[in-house]
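The form predicted on its own is given below as one chain in structure tokens.
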């Protein structure tokens, strides 16, 4: 395919059977329940009733208007960053640099929010979001170019870029971009035309949730209805087969990493313009790393990632209430996240082993005779 034809819509056949979908859903549910069960054991060992602890968690996260508002506020960066991780994972690109790309996106948003002067809302917000997306995409693109040109391992490169992005942010916020009226490492307040408005009165929920939902729909459409989405999925299934089918692997890898980083950059832009209204040095409490768990729990499917993002956001918000009412430490949420990842990986490894064994059995089976074939 030449030109822009590879981005044109295409009717793609969904090869996932209903049985596979159900099995996948059950395994994910089992992973979450197993993690919560182990978490309840740890809570009990701390001398606290697990029932009361989880009751406090639910009450604080989704038991009130403000709780829902805070949960959805946390959902915004987790959903956008999770979509970025999931999109890369579909092409079997292990983008571990979501955190750094989120930083880059926040800095990209700051370029518009700080240096372009007062802008009307209809222009300022799209420019700010676009700047965040491009900054995150270009930061991820560094790993893409190194992978395509020099076969550099994207896991190592993206991980190292996280540290570089953080140090770059630290330099800017402690140096040329530091708010002259402030005492901490942060920028000045963004201009009004680049700030995402509050959409739920009495809470901190801003229009970033709308951006995240639109991004979810767009990525779903790209994966399910475009040639690019098909090529990303085929490349993830096996580069040799994709290359044999005429897929330009290098272009797919570069485009996938750019979109993946762009989505993470959007997360940083929304966090800066919607919640903080400036760039803080600690703008992300490890959202980029949590996004990897979100992508895995969501099975790299946009709708699944959205559900997983709300779940993890509720955990993050709810655990603070659990600590206030029961004394259970906030670190429990990281333990549960880690356990979920372990159980998901274990489930996938077991499924892979079962599929591999079944393929071996199928290969060993002698071909059916015409009579037997007719019977089947």
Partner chain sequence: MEWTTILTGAFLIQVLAASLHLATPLVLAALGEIFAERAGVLNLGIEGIMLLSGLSAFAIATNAQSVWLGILAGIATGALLGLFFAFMTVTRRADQIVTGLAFLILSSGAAIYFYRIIFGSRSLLPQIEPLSQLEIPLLKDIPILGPVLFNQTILTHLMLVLVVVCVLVLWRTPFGLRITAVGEYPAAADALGINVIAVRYACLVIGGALMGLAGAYFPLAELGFYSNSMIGGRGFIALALVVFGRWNPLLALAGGLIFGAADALQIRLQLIQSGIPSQLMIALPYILTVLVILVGRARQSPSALTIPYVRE
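What we label the rigid core is the largest C-alpha set whose atoms superpose within 1.5 Å from one form to the other. Numbering follows the first chain given and starts at 1. The structure displayed is predicted, hence computed values, not measured ones.
One more form of this protein exists, namely the form predicted in complex with its partner chain; it is left out here, but the text below deals with it.
- Think of it this way: in the predicted bound form, its partner chain has a heavy atom of just one of 43, 310, 34, 59 within 4.5 Å, and the residue is 43.
- Residue-level contacts in the predicted bound form: of 334, 325, 54, 68, one residue has a heavy atom within 4.5 Å of its partner chain, and it is 334.
- From the list 105 to 113, 268 to 276, 160 to 168, 255 to 263, the contact stretch for its partner chain in the predicted bound form under a 4.5 Å heavy atom rule is 160 to 168.
- Candidate site formed by 94, 155 and 174: every one of these residues places a non-hydrogen atom within 4.5 angstroms of its partner chain in the predicted bound form.
- In the predicted bound form, at least one heavy atom of residue 347 sits within 4.5 Å of its partner chain.
- Taking the partner from elsewhere, residue 195 is found to have every heavy atom lying beyond 4.5 Å of its partner chain in the predicted bound form.
- Under a 4.5 angstroms non-hydrogen atom cutoff, its partner chain in the predicted bound form has residue 296 among its neighbouring residues.
- Not displayed here, its partner chain is kept clear of residue 26 by more than 4.5 Å at the level of heavy atoms in the predicted bound form.
- Residues of 134 to 151 placing a heavy atom within 4.5 Å of its partner chain in the predicted bound form, in sequence order: 146, 150.
- Relative to the superposed core, residue 328 undergoes a Cα shift of 2 Å or more between this form and the one not shown.
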